[in-house]
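Only one chain is included here, represented as structure tokens and corresponding to the form predicted alone.
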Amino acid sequence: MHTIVSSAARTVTIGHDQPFAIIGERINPTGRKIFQQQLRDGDLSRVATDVREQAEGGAMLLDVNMGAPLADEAALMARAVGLIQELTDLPLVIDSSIVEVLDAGLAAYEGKALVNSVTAEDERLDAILPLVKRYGAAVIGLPNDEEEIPEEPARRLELTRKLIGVATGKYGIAIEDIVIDPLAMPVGADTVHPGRTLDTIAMIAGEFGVNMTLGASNVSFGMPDRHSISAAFLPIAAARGLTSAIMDARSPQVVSAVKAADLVLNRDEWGAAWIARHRARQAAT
């Protein structure tokens, strides 16, 4: 099953037979006090640096979040999407929990975006899925609802069934345009969390075959040497059925780990991409 996203000039295909899709996470003010203040001041100058660093690191898509406290998020999203499209042809992931912000970003975007995200709550499904359908976008779905962020994989699978059923049955969204986030919880909170996420990935892949993504940094949150944790977790998740991740494309360690996973999972024919990347790094040094 292929999820196709595009900019005005480039198309990226996410799928189990495709290279692991690296979604650059950096255009996001969470945990970045200076960037938050810049956004409140209407200053988008930092975005150009974030775009360049992620593109150079190997990002295939860019997640765009303008959620700085006390900022005009909708206006910033429209401006940021316009600016980023001038800087790169990488497809974009429009990231917000606010419907008006998603609308502003999608209206400014030229291409088929990925919307991040919708939960299985009835109110959220009925607010966001019509927007996804209207703009012809793809959407990331999270299997949690009004009652809980479930710990058990079976409950996550149940909510995935609901989410896919409503999206396809009620709103006519193609199943290939639904990307599920299996919910990555911090290993530092409980070392059983990554195993539950991996089990969820396998169960969703087995029943639906849909593409999946997650926030890779969620797994290592609160722990030292976070890049090593991501570099260990993502190849295992890819083998279970994860096809993309929102991750730090500036980290050679993590990017190399998913590229190596592509190679050993036979998603890099004859190792061509692995060899080309190695030669490019040699030339650069």
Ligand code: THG
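Small disclaimer: the values here were computed from a predicted structure and weren't measured. From 1 onward, residues are counted along the sequence shown.
We do not show the form predicted together with this ligand, though everything after this point is about it.
Colleague: Which residue, 37, 228, 256, 30, is the contact with this ligand in the model of the complex, using a 4.5 Å heavy atom cutoff?
Modeller: Comparing distances to this ligand in the model of the complex, the residue within 4.5 Å is 30.
Colleague: If you check 157, 83, 137, 142 against this ligand in the model of the complex, which one has a heavy atom within 4.5 Å?
Modeller: By the 4.5 Å criterion, the partner-contacting residue is 142.
Colleague: Is residue 215 close enough to touch this ligand in the model of the complex, meaning at least one heavy atom pair within 4.5 Å?
Modeller: Because a heavy atom of residue 215 falls inside 4.5 Å of this ligand in the model of the complex, the answer is yes.
Colleague: Since only the chain is shown here, I'm wondering whether residue 181 would be in contact with this ligand in the model of the complex (any heavy atom pair within 4.5 Å).
Modeller: Judged by the heavy-atom cut-off of 4.5 Å, residue 181 is in contact with this ligand in the model of the complex.
Colleague: Residue 234 versus this ligand, in the model of the complex: is there a non-hydrogen atom within 4.5 Å?
Modeller: Close contact is absent here: in the model of the complex, residue 234 is far from this ligand, nothing within 4.5 Å, heavy atoms only.
Colleague: Would you classify residue 200 as touching this ligand in the model of the complex, given a 4.5 Å non-hydrogen atom cut-off?
Modeller: Outside the cut-off, so no.
Colleague: Since the partner isn't included here, can you check whether this ligand sits close to all of 3, 164 and 177 in the model of the complex (heavy atom within 4.5 Å for each)?
Modeller: No: none of 3, 164 and 177 comes within 4.5 Å of this ligand in the model of the complex.
Colleague: Within 4.5 angstroms, counting heavy atoms, which one of the listed stretches 37-45, 234-242, 215-223, 256-264 is next to this ligand in the model of the complex?
Modeller: Comparing against this ligand in the model of the complex, the contact stretch is 215-223.
Colleague: Could you list which residues of 64-96 come within 4.5 Å of this ligand in the model of the complex, counting heavy atoms only?
Modeller: Contacts from 64-96: just 95.
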